[in-house]
Ligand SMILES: NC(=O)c1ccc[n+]([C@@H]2O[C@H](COP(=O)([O-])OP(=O)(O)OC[C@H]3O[C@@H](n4cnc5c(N)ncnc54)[C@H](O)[C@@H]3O)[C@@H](O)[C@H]2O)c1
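Let's start with one chain on its own, the form predicted alone, as structure tokens.
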Amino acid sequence: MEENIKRTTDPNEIDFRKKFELTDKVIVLTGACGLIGRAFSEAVCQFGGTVVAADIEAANPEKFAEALSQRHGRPMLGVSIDVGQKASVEALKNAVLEKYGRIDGLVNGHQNKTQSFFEPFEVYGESNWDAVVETNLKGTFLTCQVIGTWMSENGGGNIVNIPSTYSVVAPNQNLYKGTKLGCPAAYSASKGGVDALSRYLASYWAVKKVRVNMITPHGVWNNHEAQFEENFARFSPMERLSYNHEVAGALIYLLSDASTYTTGDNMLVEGGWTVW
């Protein structure tokens, strides 16, 4: 929960470094075992927070949490979850409260890229669409509903959702020429819904001291094929892909007391992609 905000105009009374600390805060991270999720988890731990690593069973979040516990010398929790099922999200909340008795933050880093994720729009299957939307949008709705509601009834907290550059702008199809990659409409639509939901909840829960913000990464390097890297460099002002650790600093700001007057914001960590 956020500390009481000091009423002062004298910056000398503020310990600005301490504002970024997450000591004693319990942070639930969905998609914790993913590319960005791993960087988020490590950053939260380094700033003193306790990580609840939630992910699908195949990702083995329990093992991931055990490794975090050993590295940082305090108990973390791993929970297998299906974010598209409310009962599973309720079980996650109950497991966290049983172990720690509190939840201070929720980070929704989950997403679904199905086996046929890159199908052309003209033939995109309904089951494919449904699977992407169920995880990306419905899953964010459910975690916010279940865990966000608990925080709203227990003193407040922070939610950080992860939309996409393609919920801000449309994909430049030239980026994918000569590669096996693409960006389906289902992804853009689901992530656009995450953006709209986040803004709604920021207003809805502000009086309950629940801040809801977003981080929009773009082009996070994951051993991409050379042609994609070359294409990306031509369209990015910074002429390169990002790395997962470059996204994590924004998360610390949004989860910490450094951002006590920030809600409904979408922090663009995308190398200037949308300024052109």
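Everything numeric in this text was worked out from a predicted model, so none of it was measured. In this text, residue numbers run from 1 along the sequence as written.
Beyond what is shown, the protein has a form predicted in complex with the ligand; the following relates to that form.
- Not one of F141, V212 and N266 comes within 4.5 Å of the ligand in the predicted complex, counting any heavy atom.
- This chain lacks the partner; the member of A186, I81, V160, I147 within 4.5 angstroms of the ligand in the predicted complex by a non-hydrogen atom is I81.
- Contact check for L68: no non-hydrogen atom falls within 4.5 Å of the ligand in the predicted complex.
- Residue contact check for G49: none of its heavy atoms lie within 4.5 Å of the ligand in the predicted complex.
- The ligand in the predicted complex is approached by I36, whose closest heavy atom lies within 4.5 angstroms of it.
- Contact check for S164: a non-hydrogen atom falls within 4.5 Å of the ligand in the predicted complex.
- Exactly one of the stretches 122-130, 171-179, 95-103, 108-116 approaches the ligand in the predicted complex with heavy atoms within 4.5 Å, and it is 108-116.
- If you take 210-235 and check each residue for a heavy atom within 4.5 Å of the ligand in the predicted complex, you get P217, H218, G219, V220, in sequence order.
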